[in-house]
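In structure tokens, one chain follows: the form predicted alone.
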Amino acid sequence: MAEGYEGWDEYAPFYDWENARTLGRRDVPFWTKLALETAGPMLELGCGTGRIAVPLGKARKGIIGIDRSEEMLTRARRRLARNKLARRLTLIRGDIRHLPFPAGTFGAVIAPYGILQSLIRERDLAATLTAVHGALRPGGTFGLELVADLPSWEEYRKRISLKGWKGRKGGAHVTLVETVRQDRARRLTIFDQEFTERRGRKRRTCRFALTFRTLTVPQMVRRLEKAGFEVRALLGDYQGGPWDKRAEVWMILAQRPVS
């Protein structure tokens, strides 16, 4: 079985291009509001190219982003430099299963847009939840999002999912051909990605797979409670509406108990 972190270095050149056409910035105000309500440092797990971390750094200081992929972090550092946020945002390469911070460092830890679903083994998720619990201050908030209802995604082969221009004038035209596979016995959804860039007569194709674990909100709640968290809210949109099974957004807000 592949490791959950495999494929992300290869995905880095295309991550922002794809997300601009799918999720966009719809979740950014939610995490920004949480950041402004948090006292003390705030940590983002799997910060990637800085899509969330940079707006948080613009909103307040004391933001730290951690990611395993050096290719993703390279792009995040460029974004940080362009926005002159070196004093407000720190980027660290590391493993979210073993957070390199003293106990009780953070007022909040966030895991946006399904990053915990990249932990495809139960022991990896358990280790990460334990690490987050330890890194949080008593009373601190753990906010996470699950990609909604991955087990119900239709399987298909070689479908053109997206196409368009990447970059400004003189950039490349990109086509994403995607295959989705379900491994229901292991509760995994696998996305086989094929990105083709064309610049004039030149063509380059990059192929890789991303694997995600399929967990429901109740299943994640049980794991959070086992790790010592108290679940405060289940949300079904980025405006704070209540969650149900049909919601397009699955958000959980949990807390490390004060005592």
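Note that residue numbering follows the sequence shown and begins at 1. Values in this document were obtained by computation on a predicted structure and should not be read as measured data.
Below, we turn to the form predicted together with a small molecule, even though it does not appear here.
**Student:** Whether residue 193 contacts the small molecule in the predicted complex should be assessed with a 4.5 Å heavy atom distance threshold; does it?
**Tutor:** Close contact is absent here: in the predicted complex, residue 193 is far from the small molecule, nothing within 4.5 Å, heavy atoms only.
**Student:** State yes or no: in the predicted complex, is some non-hydrogen atom of residue 94 no more than 4.5 angstroms from a non-hydrogen atom of the small molecule?
**Tutor:** Flag for residue 94 set to yes.
**Student:** Do residue 189 and the small molecule come within 4.5 Å of each other in the predicted complex, heavy atoms counted?
**Tutor:** Residue-level check for residue 189: no, no contact with the small molecule.
**Student:** Using the partner position in the predicted complex, report whether residue 113 sits within 4.5 Å of the small molecule, counting heavy atoms only.
**Tutor:** So residue 113 counts as contacting the small molecule.
**Student:** Out of the stretches listed (34-42, 197-205, 219-227, 64-72), which one is close to the small molecule in the predicted complex, meaning heavy atoms within 4.5 Å?
**Tutor:** Partner-contacting stretch among the options: 64-72.
**Student:** Indicate whether the candidate residues 46, 51 and 119 are all in contact with the small molecule in the predicted complex, with contact defined as any heavy atom within 4.5 Å.
**Tutor:** Checking in the predicted complex: 46, 51 and 119 are all within 4.5 Å of the small molecule.
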